[in-house]
Ligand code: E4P
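To begin, one chain is listed below as structure tokens, in the form predicted on its own.
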Amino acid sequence: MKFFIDTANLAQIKEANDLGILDGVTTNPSLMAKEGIKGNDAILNHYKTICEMVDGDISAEVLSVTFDEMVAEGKILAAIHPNIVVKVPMIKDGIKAIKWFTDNGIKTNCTLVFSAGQAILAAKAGATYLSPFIGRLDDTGYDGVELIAQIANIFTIQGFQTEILAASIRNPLHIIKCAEAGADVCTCPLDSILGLLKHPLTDIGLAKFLEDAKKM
């Protein structure tokens, strides 16, 4: 399973990349705004900076909702760097745009996926990735990880090549459960990735080793 970091914060991207396990980055307008990045030129330059930092796919989200506008915006985003993946919302015009991008050699990430039916449509349109938002599903009383497993099973049966990118990850356990359920990628905040490092027995064991080393 590939690890993407879900942020627009360059320091966090660098820290995750320095671990040696980072495969890509996802971000969105909300995360850009959180870092104080405003204006089209500033956003495009920020995407370019991220692409220069990380050797992997970088999802850049369109801000429009009509087919013609998404295609126009996606062309601009794709021209930033070969690693750009155009992030398109799961709406009717979004599916049409994904098909257009696929036919024209532009990678896509279908975002805001909340059902297996939506996942099938995205895969049929040729999406490179699709992003089920498991944390937001959990918030409504549904099991987000169960959706990952359902989509993975359907894709295996049908032979779809679209990669399942588990999004809206809230904690380290989400990452583990998504790996078990068959996600191809997980994208999450840095804290969730670093949380995988932690175990009390590791801390106790290391403290004992260091204590014993002082006696040598």
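For every residue, the number given is its place in the sequence shown, counted from 1. Owing to the predicted nature of the structure, the values given are computational and were not obtained by experimental measurement.
One more form of this protein exists, namely the form predicted together with this ligand; it is left out here, but the text below deals with it.
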Considering non-hydrogen atoms and a 4.5 Å limit, which listed residue (92, 124, 75, 136) is close to this ligand in the model of the complex? 136
Using heavy atoms and a 4.5 Å cut-off, decide whether 60, 81 and 83 all contact this ligand in the model of the complex. no
For residue 162, is any heavy atom within 4.5 Å of this ligand in the model of the complex, or not? no
So in the model of the complex, is this ligand close enough to residue 170 to count as touching (4.5 Å, heavy atoms)? yes
Please determine whether residue 28 contacts this ligand in the model of the complex, using a 4.5 Å cut-off between heavy atoms. yes
Can you pick the stretch from 50-58, 162-170, 65-73, 33-41 whose heavy atoms fall within 4.5 Å of this ligand in the model of the complex? 162-170
Residues within stretch 74-110 having a non-hydrogen atom within 4.5 Å of this ligand in the model of the complex: 87
